[in-house]
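Here we start with a single chain on its own, the form predicted on its own, put down as structure tokens.
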């Protein structure tokens, strides 16, 4: 399997290592920042390509580790070239773009995987398996937390530009929306509040979203870029009629908060939680994708799953703007 990576930042480096571990042939890297592409290509004995189309002509799979506003256009180009697509989350910044990505890949007979990596973290997967096996009884309440520090480049970072990243809600909280929908099913209504609603000039943001599912369960999802540099905390509580599962990154020995190398003595531009296990979940995810494409088996996260997480995220943003609860079905 010949793989090309677009984007040589934090996720590009992580995914490149994952593809090598999976046994794929990493053909090349391309990036708008030529030197970073050349550096990553050198590390993995690959080639640096000047543009996407030249890369697409030489690979079977393209891995898009690029800003969220580029997902739609690049996926359409890859599908037309007959290349399978791995794309970072969120699938897109609008439902129309996400639908177009899915339709294009189906029309051209290529696979599309959206990298909702939280499902591959062992704590989250084991808790989900227990809940889905009925060990908690009827699921009543989920509480999911994911809080990091603001992107270090501040206003100059594409993460800080909501038109490009979707902000805290679509870049960070979308992970937990996907997980909540995996367990709870379809969301009926969303109500959300944020720090920036009261303090628009705040340097970071903190959002709380309450989800009500059609089956009656509830979820409280907390996310933010609000902590001091170097701090990234995650956790969950799953409560049912017959049991409770709790996990917190601060209290666990099975995970540590690690950051990709930056300048000596500084935090990385963006926080990235990594596992201390022999195989990190990002590699586990890439190995799963590699095996599913090779065998034709379904992905653990379908493109429609990713579209539903986006729908909940868009409803959350609509609730923040309007100050009222919003039904994801109302979002277009």
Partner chain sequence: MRFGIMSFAHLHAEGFVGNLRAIPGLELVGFSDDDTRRGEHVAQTFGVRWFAHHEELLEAGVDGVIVCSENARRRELVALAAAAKVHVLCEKPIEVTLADAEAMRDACETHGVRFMTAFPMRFEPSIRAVKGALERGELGSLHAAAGINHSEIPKAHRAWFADKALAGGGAVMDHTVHLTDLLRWYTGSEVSEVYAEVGNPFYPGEVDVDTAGLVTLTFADGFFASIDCSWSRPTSYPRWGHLKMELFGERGAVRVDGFAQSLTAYSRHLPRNPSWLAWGADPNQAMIEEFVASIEEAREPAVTWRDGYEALRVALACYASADAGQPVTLDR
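Predicted model, so just to flag it, every value in this text is computed and none were measured. Residue numbers count along the first chain shown, from 1.
One more form of this protein exists, namely the form predicted in complex with its partner chain; it is left out here, but the text below deals with it.
- Proximity to its partner chain in the predicted complex, defined as a heavy atom within 4.5 Å, singles out one entry of 118, 79, 168, 219, which is 219.
- None of 141, 130, 95, 160 but one reaches within 4.5 angstroms of its partner chain in the predicted complex through a heavy atom, and that residue is 141.
- The closest non-hydrogen atom of residue 323 lies within 4.5 Å of its partner chain in the predicted complex.
- In the predicted complex, none of the heavy atoms of residue 164 sits within 4.5 Å of a heavy atom of its partner chain.
- Put simply, residue 240 is close to its partner chain in the predicted complex: some heavy atom of it is within 4.5 Å.
- The shortest heavy atom separation between residue 228 and its partner chain in the predicted complex is within 4.5 Å.
- Heavy atoms within 4.5 Å of its partner chain in the predicted complex belong, among the stretches 71 to 79, 86 to 94, 109 to 117, 190 to 198, to residues of 190 to 198.
- If you take 304 to 318 and check each residue for a heavy atom within 4.5 Å of its partner chain in the predicted complex, you get nothing at all.
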